[in-house]
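A lone chain, given as structure tokens: the form predicted alone.
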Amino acid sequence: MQALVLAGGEGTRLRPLTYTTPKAVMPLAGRPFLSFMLDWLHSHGVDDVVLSCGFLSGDVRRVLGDIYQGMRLRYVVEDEPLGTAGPVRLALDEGILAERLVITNGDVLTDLDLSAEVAWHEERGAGATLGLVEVDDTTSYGVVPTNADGLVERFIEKTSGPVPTNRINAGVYVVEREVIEGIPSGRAVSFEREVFPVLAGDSLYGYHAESPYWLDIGTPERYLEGTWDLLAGRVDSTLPARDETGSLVFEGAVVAGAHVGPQTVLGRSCWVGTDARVERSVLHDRVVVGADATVTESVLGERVRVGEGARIGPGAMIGAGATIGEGAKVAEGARVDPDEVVAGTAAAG
């Protein structure tokens, strides 16, 4: 079975981390994010994956390569943004698509039963089937009402008004080649606004997944939420064992005399000084935190340097290579750009 992963976005909501690392391979619990999606696809029989990339596409290929766990990886590169459906048409035009395709958004962490969705699709002879999940707040997602047999009645893209259901588009599709052939070529096209509304009431079905884990990790808050859920085992993974605080400390990290945890990730070759405290935070590789510093519910990109006695967070995002001076305070929700220097005793907000 073949899948195409839409991984071309710039990840603007996760800046400054994504200024230097594409969202698709940004570390999540110490692993490239897409590795979790590839494991999930592989567990449902996918053996051929097309990665649709744009921003920093060369870095995605450098990290993931051409073979992953026995799956073939191929790459389609957008020279300019093509929306959600345009990249699929581009892959068709390049002659690499099969007769049926699983399409997934590249920023979803899930254990949805993809095999059951494919079976549902086949039973109904659908042109396309959408994976649907229930959420409490629908305003950020496309809402998808269906009839009793799963036929999609309407596709209602993001709205703040009243909606007929709390079942939303989970960004996991099974699509027949004939539908893809109908996508216009050579321009940006949206599945949500141009393709699915036309198919609604005819050959578009929804598969209601029963209580899966599902999370769009595209914001800093949800990136941290996904990390904590992985550490707590709320979603299946092959992560190494966590310590007694539920934290994950990778090889080469030095933490003697520091207070690490709960639910923290320390990347490879990190160093945390005496009496420093790192709680519910993510440190990418080679981060240094000075003595008596505090990092709370924040994300620090690779090679960040934190001076002694500095205070960071909660909710701060520090770009790769930035320096936080001794005694500096990085305020709640602050963003510090890559290689930026926050002087000691200064406040960043």
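From a predicted model like this one, the values you see are computed outputs, not experimental measurements. Residue numbers run from 1 along the displayed sequence.
What comes next is about the form predicted together with guanosine-5'-triphosphate (GTP), which does not appear here.
Given that guanosine-5'-triphosphate (GTP) is not shown alongside this chain, does residue 81 nevertheless sit within 4.5 Å of it in the model of the complex, heavy atom to heavy atom?
Judged by the heavy-atom cut-off of 4.5 Å, residue 81 is in contact with guanosine-5'-triphosphate (GTP) in the model of the complex.
Using a 4.5 angstroms cut-off on non-hydrogen atoms, would residue 105 count as touching guanosine-5'-triphosphate (GTP) in the model of the complex? Contact with guanosine-5'-triphosphate (GTP), yes.
Query raised in the report: With the partner left out of view, is residue 53 within 4.5 angstroms of guanosine-5'-triphosphate (GTP) in the model of the complex by any non-hydrogen atom?
Result: Yes, residue 53 is a contact residue.
- [ ] Evaluate residue 206 for contact with guanosine-5'-triphosphate (GTP) in the model of the complex, applying a 4.5 angstroms cut-off between non-hydrogen atoms, and reply yes or no.
- [x] Contact check for residue 206: no, nothing within 4.5 Å of guanosine-5'-triphosphate (GTP) in the model of the complex.
**Study point:** Heavy atom contact within 4.5 Å of guanosine-5'-triphosphate (GTP) in the model of the complex, the stretch among 125-133, 263-271, 81-89, 147-155
**Key:** It is the stretch 81-89.
guanosine-5'-triphosphate (GTP) in the model of the complex - contacting residues of 17-51, heavy atom within 4.5 Å: Contacts from 17-51: just 23.
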